[in-house]
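Just the one chain here, laid out as structure tokens, in the form predicted alone.
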Amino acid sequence: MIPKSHPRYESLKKREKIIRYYKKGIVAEAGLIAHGRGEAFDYLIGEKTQPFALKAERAAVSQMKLSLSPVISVNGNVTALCAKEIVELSKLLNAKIEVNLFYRTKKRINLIAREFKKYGVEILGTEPDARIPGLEHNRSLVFSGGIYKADTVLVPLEDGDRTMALKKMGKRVIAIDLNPLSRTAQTADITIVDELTRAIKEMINLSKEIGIEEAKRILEDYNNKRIISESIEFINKRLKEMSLLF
């Protein structure tokens, strides 16, 4: 039992959740490594939603609100950490949810689908019938009525080669990635450098506030390269400030 007084209470709760869902068969072994890597980058941004992330979250909500066929892609880690919140966000933004896995097995797919069904949603992708051109691994397998035909895809967590392939298909890609140097972050149209659960909760709140006209204005002013630069500059400045303490 982790006491709420622990300085890293929230982070440790997420870590335990990831481990629990790994034992259930929903999170892949590599997902444990990915989560730890994300934690390291979260330290660098102070484990808070910084202004550059909030700007990107506002742009992400705006982009999805203005899209005709937005889709939220989910994997094992996303399912473990925030399936309920993903469902809420999908309803607010009229977006479909599709499972897409690198370490794909029928068992994992069914377990993830069952988890989302608890919240009253039948997710797409359990029976893929199309492929993303240019990808040779399992993430190429998609549903024709979901990711394949989507105009905007929200990709929570790092997924560089698929982001690049989706862009080549002419789709707008929104990435949630704590590493601003990753291919995902560098390639996406909108890059949210924030921890997954914080980002999704913030997007839920913003979805209730941002109207269509405001969404258009937000996207007109948005510059993703500037956002990535701000995040890297923030990390650099913070490391310099911390180094002076020793």
Ligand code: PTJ
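All residue numbers are counted from 1 along the displayed sequence. Bear in mind that the values here come from a model prediction, so they are computed numbers and not experimental data.
The protein also exists as the form predicted in complex with the named molecule; that form is not presented, and the subsequent description refers to it.
Proximity to the named molecule in the predicted bound form, defined as a heavy atom within 4.5 Å, singles out one entry of 178, 190, 200, 61, which is 178. Considering the named molecule in the predicted bound form, the lone stretch of 32-40, 217-225, 46-54, 62-70 in range is 32-40 [heavy atom distance within 4.5 Å].
The named molecule in the predicted bound form comes within 4.5 Å of a heavy atom belonging to residue 158. At the 4.5 Å threshold, heavy atoms of residue 81 reach the named molecule in the predicted bound form. Contact check for residue 101: a non-hydrogen atom falls within 4.5 Å of the named molecule in the predicted bound form. Heavy atoms of residue 152 never reach within 4.5 Å of the named molecule in the predicted bound form, leaving it off the interface. Using a 4.5 Å cut-off on any heavy atom, none of the residues of 225-246 reaches the named molecule in the predicted bound form.
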